[in-house]
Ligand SMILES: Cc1cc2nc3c(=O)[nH]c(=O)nc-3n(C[C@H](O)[C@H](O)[C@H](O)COP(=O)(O)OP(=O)(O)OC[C@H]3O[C@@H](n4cnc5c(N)ncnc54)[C@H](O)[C@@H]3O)c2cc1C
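In structure tokens, one chain follows: the form predicted on its own.
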């Protein structure tokens, strides 16, 4: 692991690796689930120490940061100014470069796009050590390859992001239970026209006529008369609560891991019972008009990562998480088929979450004008072979409907599937051969899925 905190150190590391025949895999916060942040017997370049916030342009709603700047540190500055950052994942300490390289998505991605749509420009250090400016205006082709490009074209050393003007740092949340897939999609159509955020808990266990029953968490910004000076302590208080949550989560982690692991020993029963309980509990609260509340954006976006058990705990030693998109035009058929596949598998998904998205032009990015399902799978050792076939069926379903897979969460694709999911991969490879002809920037994922003999 090579840790750097400035451009000169980045350049020195690149020069050292080039001279010694080593490849480099850039790494930010290290939150990716798959092997895109692994580089067996070669170098991991940790840029999290380059974490300065360089400029805030309130007039134009822009912020310029170094690659290791964390999302929560940006929000600490911009929320009191009534700005927010779009397409945020649920981990508060993800770095900007990591978010760009994997083109992460958020609960507002149908409205603002994925994280790459928040990027105005960036500075990229190439394998030669040269730093070039990359933006949509001057070099759109390279821009679309770098965003979502898994760090395979160079090291992002600076980025300018577009901020969203918001009325306050607070949101009003509604929780609406829906009976099946058709009602869910109809409700989501209304939510996407009226709300600012949405995330859906989906019950993978319920069968027809309740197939795909869900609870839609829809959210919109609310007004506040507070001044910027008054908002600062409110935002700091929210950050303090997040830090307290983090400490509490760390304290009870062994207990929560034991409880979750124990429950998942009887997975088919416990998952079915929990999903039934949550749906009917939500329906009762909705009927009693007690399911809505106002809370801070910070708590809404990040608190779940401390309350809900982590993917590593939920998935266990033999499991994994996988996020798949499908187009809006085939949403009813695709979602129905995937839930039916879940019910035929040896283990229900321990968690199944849906989000809405819009498409973009990034070459190997996770994007779709439609929806995604995020599966957290916890197979027993004896079920691994059958679960692998189930995941193969899920992937083939997504390919058939013209969807994609989120590469930051992938550890199961083969090369043929990758090429069918991302038909523009050859454009990506042409750009890589042009600006990184010696393949200095690699990862285990690159060698597994993308690299060709011609490379």
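Since we're looking at a predicted model, the values are computed, not measured. Residue numbers count along the first chain shown, from 1.
Heads up, the form predicted in complex with the named molecule isn't pictured, but that's what we're talking about next.
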query	finding
Option touching the named molecule, based on a heavy atom within 4.5 Å in the model of the complex, out of 202, 97, 147, 377	97
Listed residue that, although the named molecule is not shown, lies within 4.5 Å of it in the model of the complex (heavy atoms), from 359, 128, 90, 139	90
Non-hydrogen atom within 4.5 Å of the named molecule in the model of the complex for each of 47, 67 and 355	yes
Interface stretch in the model of the complex with the named molecule - options 425-433, 29-37, 396-404, 52-60, non-hydrogen atom within 4.5 Å	29-37
Contact label in the model of the complex: residue 25 to the named molecule, heavy atom within 4.5 Å	yes
Residue 159 within 4.5 Å of the named molecule in the model of the complex, heavy atoms	no
4.5 Å heavy atom contact, residue 101 to the named molecule in the model of the complex	yes
Residue 413 within 4.5 Å of the named molecule in the model of the complex, heavy atoms	no
Heavy atom within 4.5 Å of the named molecule in the model of the complex - qualifying residues of 152-190	154, 155, 156
